[in-house]
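Just the one chain here, laid out as structure tokens, in the form predicted on its own.
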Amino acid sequence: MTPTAMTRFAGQRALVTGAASGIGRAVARRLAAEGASVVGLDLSRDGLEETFDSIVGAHHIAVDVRSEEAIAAVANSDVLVNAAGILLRHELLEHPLDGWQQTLDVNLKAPLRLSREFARAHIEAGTPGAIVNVCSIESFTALPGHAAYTASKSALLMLTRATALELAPHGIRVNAVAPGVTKTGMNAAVRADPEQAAALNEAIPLKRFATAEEQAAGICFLASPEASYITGATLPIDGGWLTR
């Protein structure tokens, strides 16, 4: 990182959901490295401790992002990153409705509730803020066995646009990234299968999977003052997947 990038979030407070692993972990670490005081939320206490083990001044809470405790944690944040998400793989005809509802609650309802509380605090204080949602290439295109996930992520893209439109007059920017196949626990089993991994790589023009750190770079850009005139955008970070 350049010296400028290392101080982009100096003096700011950032809340990151899903901070115990994957993209959320990479974002929390990068924000902290760039000067932010970070609060991480996740269900996994062990994962959170691993994320923040060497970060001085960071704080983490083992909590369900759907809970009232998670909503309360948003207070006093300058940046909100909604990175928590779940993927339950089921064929459409066998998809359990409770799993469908759980996916929508975590991937869509939780970001809505957190974003509203974040926005309410900033509007009352008359201060600007930045929200970044983690969508997916499946916000634009479907994959088999992912009906609930695809529905939730496409809805999150439109939630990003709707909240950006309403909150822009208050100086609150709302953007998103759309990650392609990224090396995280969510797809570890698929990547461990040589045949499936080869097929996925073949579909990516850059012929490789992303790292969580590459996703974090885009998220932190959108949350930073460098993106001060960007709101309502969804940035694909997908190795060219959506060009096909």
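Note that residue numbering follows the sequence shown and begins at 1. Owing to the predicted nature of the structure, the values given are computational and were not obtained by experimental measurement.
Just so you know, the form predicted in complex with a small molecule exists too; it's not on screen, but the next bit is about it.
Checking Ala151, Ile71, Leu157, Ile86 against the small molecule in the predicted bound form, a heavy atom within 4.5 Å turns up for just one residue: Ile86. For the candidate set Ala217, Ile204, Val63, Ala197, a heavy atom within 4.5 Å of the small molecule in the predicted bound form is found for exactly one residue, namely Val63. In the predicted bound form, Leu15 stays away from the small molecule, with no heavy atom inside 4.5 Å.
At a distance threshold of 4.5 angstroms between non-hydrogen atoms, Ile55 is out of contact with the small molecule in the predicted bound form. By the criterion of a heavy atom within 4.5 Å, Gly22 is counted among the residues contacting the small molecule in the predicted bound form. Taking the partner from the other structure, the small molecule in the predicted bound form has a heavy atom within 4.5 Å of a heavy atom of Met186. Contact check for Ser37, Leu80 and Ala121: none of the three has a heavy atom within 4.5 Å of the small molecule in the predicted bound form. For the small molecule in the predicted bound form, the listed stretch (71-79, 166-174, 90-98, 129-137) containing residues with heavy atoms inside 4.5 Å is 129-137.
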